[in-house]
Structures are given as structure tokens and as C-alpha cells.
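Taking the form predicted on its own, here's one chain by itself in C-alpha cells.
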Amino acid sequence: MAESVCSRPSNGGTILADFSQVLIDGLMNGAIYALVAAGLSLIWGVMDVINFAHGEFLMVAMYACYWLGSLLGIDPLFSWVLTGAFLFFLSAASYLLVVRRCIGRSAMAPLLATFGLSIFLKNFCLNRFTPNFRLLSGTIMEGRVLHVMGASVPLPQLVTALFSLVVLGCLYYFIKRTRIGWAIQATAMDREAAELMGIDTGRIFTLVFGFGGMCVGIAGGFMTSYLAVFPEVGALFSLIAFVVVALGGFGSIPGALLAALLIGLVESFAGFYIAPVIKYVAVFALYVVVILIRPKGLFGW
């Protein structure tokens, strides 16, 4: 999890500086959550499949970026391109080899298939790389901090958050303004009608699963510049992503962004002004309240 820059008020900080710190920290975390959740939202909304391996795909991306940096000296500022492409093909291959065989069977079949895939990926990395924490050092952005309104903003987190917004904007434009994007929307609305119109829904499902992996591949590539890598690193991000998708509405990228920013702010303010151990309690309490009022989420249809 992208930890808060400050988890409790500093003795010498002003009220405005503390507020600015918490606000910026929450917005940065929220933007990162949005990119991680966007791929899950797309898969869930189009295919009606819950990808339980989503967090493990993020973990694989972070390991790939770590080894690219450690062995080849490629900085995360550039290796995110490779990790995004690698996770696109890994996710597409996972769909073709595992998930596709379960589509059309019982509702539990795809869920159990992705759950088994997550166990395999996690234990494979645990076996090959041990449970040790690995932190990539000597990166271009390491130790760089910006000061805004009295708040200290680490450059790696800021760049990751801003680029997350850029990727989300590109993905939204692709879905809404391209022929493939229209085909994805048509498949999400009515698969049988889309097939009657000549859309290859099998190809669309493969692309959607690939795009879901690409989103976490890009996020994981950037996050390696400031987060330690270990086999369980994707677990909490995966849980937050599920909450974001359910809160924002299945298949809605704007909904995922709004829900992620809201969760980031609630997490940050609750952890700072109440207690760090309360922040996830506040996040899940917010989720329960919204779902009770609007079961389809903020932007669900």
C-alpha cells in the first residue's frame, strides 16, 4: 500500500501544513488506486468475471520492474513500458489458457480459476524469490521531494499519481472514441447482440483481460520506485481495488476514479486525524454505507 507521508500530526507543523499534507497524500494514493482498479473494473464490467489474480498480476509487474532495475539497470521511470506490455501479454495468455475454458459454465468456474491462478503466481514468486522484501535503490527519483504549501510531496509518488491519471484518461478515450472501444461497450451491454452485429466477442474478451493486466503492469512499474517488493505486496491493493470497483460501479472508469479518490482521502484523513489503525475501518465503513444506499455503486447502471 502507498503509505501516507505522515501518519500522525507533527509537533511543529501548522494546521494548514498538516491539512495540505494529508489532502495531497490522499489524492496521490487515490489516483494510484484508480489505475490499479481500472483494469479490474473493465474486466468485471465487460466479462462479468471477478479476477482474483489481479493483485498477483500487480506483484508480478513489480518483480519484473525490480529485476529489470537490478540486473539491467533500467529505471522504473522507463521500465513501466516493458512491464505494461509484459502484463498485457501475460493477462491475455491467462485468459486464453485458463479463464476462457470456464466462460459459459457455472458462475463459480471463472472465479475459482482466477483464484487458483492467484495462488499459483503467489507461490511461484515465493518459491523463486523468497518472502524477503526487496527495495530497488539508486533510482532517478529516489529521495526527491517537492514542498507545496508546507507539505512534503515525494516525487516518486507524485509522478506515479499523475501518470496514473494520464493512463486513465487515455483508457477512457480509447473506450469512448475508438471502434474497438465501441465494440467493448457493445459486448458489455449485450454479448449475443454484439455477436450478431459481427463483433468477435472472444477477441474482445482477450483484449479486455490484456488491458486489465496492462493497467496494473504500468502501476506496478512505477510503484517499484518507492515500494518494497514481496510475494504478498498485491494483496491489500487487490482488496482496495475490489472496494473501488464496487463503490464506483462495474465497468465505469470515471466511477473508479471518483471512488478511488474518495477512498484515498478517507484513508488519509482518518489515519491522520483519528488513528492509523482506523483508516481501513473508515474505508470499509464508507463502502458499506454507499452500497446500502446505492447497491450498483456511484456510477453503476
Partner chain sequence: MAEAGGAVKKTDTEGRIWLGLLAVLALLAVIPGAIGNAFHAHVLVLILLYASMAQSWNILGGYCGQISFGHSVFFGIGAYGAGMAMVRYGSAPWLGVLAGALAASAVSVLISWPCFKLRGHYFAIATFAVVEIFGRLFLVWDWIGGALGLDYPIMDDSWTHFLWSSDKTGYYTGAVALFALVFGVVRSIEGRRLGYYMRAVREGQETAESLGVNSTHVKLTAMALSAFMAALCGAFFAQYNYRVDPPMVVSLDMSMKFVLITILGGMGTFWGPLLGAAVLIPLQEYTRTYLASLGAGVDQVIYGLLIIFMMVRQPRGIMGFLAEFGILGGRSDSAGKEAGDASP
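The structure presented is a predicted model; accordingly, all values stated were derived computationally and were not measured. Numbering follows the first chain given and starts at 1.
As for the form predicted in complex with its partner chain, it is not shown, yet the points below apply to it.
Proximity of residue 109 to its partner chain in the predicted bound form: non-hydrogen atoms within 4.5 Å are present. The shortest heavy atom separation between residue 249 and its partner chain in the predicted bound form is within 4.5 Å. Within this chain, residue 115 lines the site of its partner chain in the predicted bound form, having a heavy atom no more than 4.5 Å away. Interface membership of residue 203, defined by any non-hydrogen atom within 4.5 Å of its partner chain in the predicted bound form, is ruled out. The three marked residues, 102, 285 and 295, each reach its partner chain in the predicted bound form, with a heavy atom inside 4.5 Å. Residues of 117-131 lying near its partner chain in the predicted bound form, listed in sequence order, are 117, 119, 120, 123, 124, 126, 127, the criterion being any heavy atom within 4.5 Å.
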